[in-house]
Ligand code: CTP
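Consider the single chain below, provided in structure tokens and representing the form predicted alone.
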């Protein structure tokens, strides 16, 4: 993110408000100028002095010390107004145009396309029909509504309704702001995660890919200003909210999605661990272990998605991944050339699979091989995107 972008954070009276100071710190670290406005109830969960200190600005609240047109000035100042946490009460007020405090008055003053909400509430409230209708009204108006997380809530219940983690909110904010990065205006298509091939209604053939590398690449591409689409198998790693996500399960489904999205892509990175084989026949009912006998499973090859894309690549920049179990880059080099890739990322199963870190070598179609020491996958994603940008 380049330049001083201006973020206005609206804080409402939810327990997740205590996370906002960390959100402000991360946004400032990424080059943003941040101001905060809060409802009276928000100050039960986060201190006004803390917000003033971390933002470097006065805290805007319902107070006579501020001018009665403060909402207009703030609306004109901000590049993005994001309300987080957004309680069910505040969402309902905004959906129906109620302006009974400075924050909700701001919501009527900021254009919908410059506004986003990060909901946070109890699962019962989140799943209530009225809440769903209010969210639909905001989305119809053009306000971006971020997804909620799932897990343990403040009330000790567990389920959907948690506010997204602050790192995910930062990813979203960065993806929404005018970008001046090296990949600004480029469309990046990324495949991520494992695929699953059903044996019967219960069992599948899959692998240990977590999808962390694909998520890191998507995040790095967004930071470079790209428009990002991720075709993801059933991965465990969370993808950045700023990316467009297409969820698939089988290699066949991934193939169909990648071929369709490839038409409009400028850069394609095939980072998914696609199953090379699938059962020749999928059983309609669960296979029983009657008598404890052995069974044989006939396999057939899945389509080679990367090779198919290579035949259609034209002037697109195509990047493949080669997950190897032995030393040396010879096999990866053959793969890069045979599949008409511009770049191949080599990693070893024991050093990368299902880990937070990885050790990669970047092969270039021009003949260069650039090895790197072990690093966090977030760093590896940034490094790969930097090398792609340099090639372009």
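Positions refer to the first chain, counted from 1. Note that the structure is a prediction, hence the values are computed from the model and not measured.
What comes next is about the form predicted in complex with cytidine-5'-triphosphate (CTP), which is not displayed.
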item	value
Stretch in contact in the predicted bound form with cytidine-5'-triphosphate (CTP), which is absent here, among 259 to 267, 82 to 90, 305 to 313, 143 to 151 (heavy atoms within 4.5 Å)	305 to 313
Partner-contacting position among 242, 161, 211, 320 - heavy atom within 4.5 Å of cytidine-5'-triphosphate (CTP) in the predicted bound form	320
One residue of 118, 103, 274, 94 in contact with cytidine-5'-triphosphate (CTP), assessed in the predicted bound form (non-hydrogen atom, 4.5 angstroms)	274
Non-hydrogen atom contact residue 339 with cytidine-5'-triphosphate (CTP) in the predicted bound form at 4.5 angstroms	yes
4.5 Å heavy atom contact, residue 335 and cytidine-5'-triphosphate (CTP) in the predicted bound form	yes
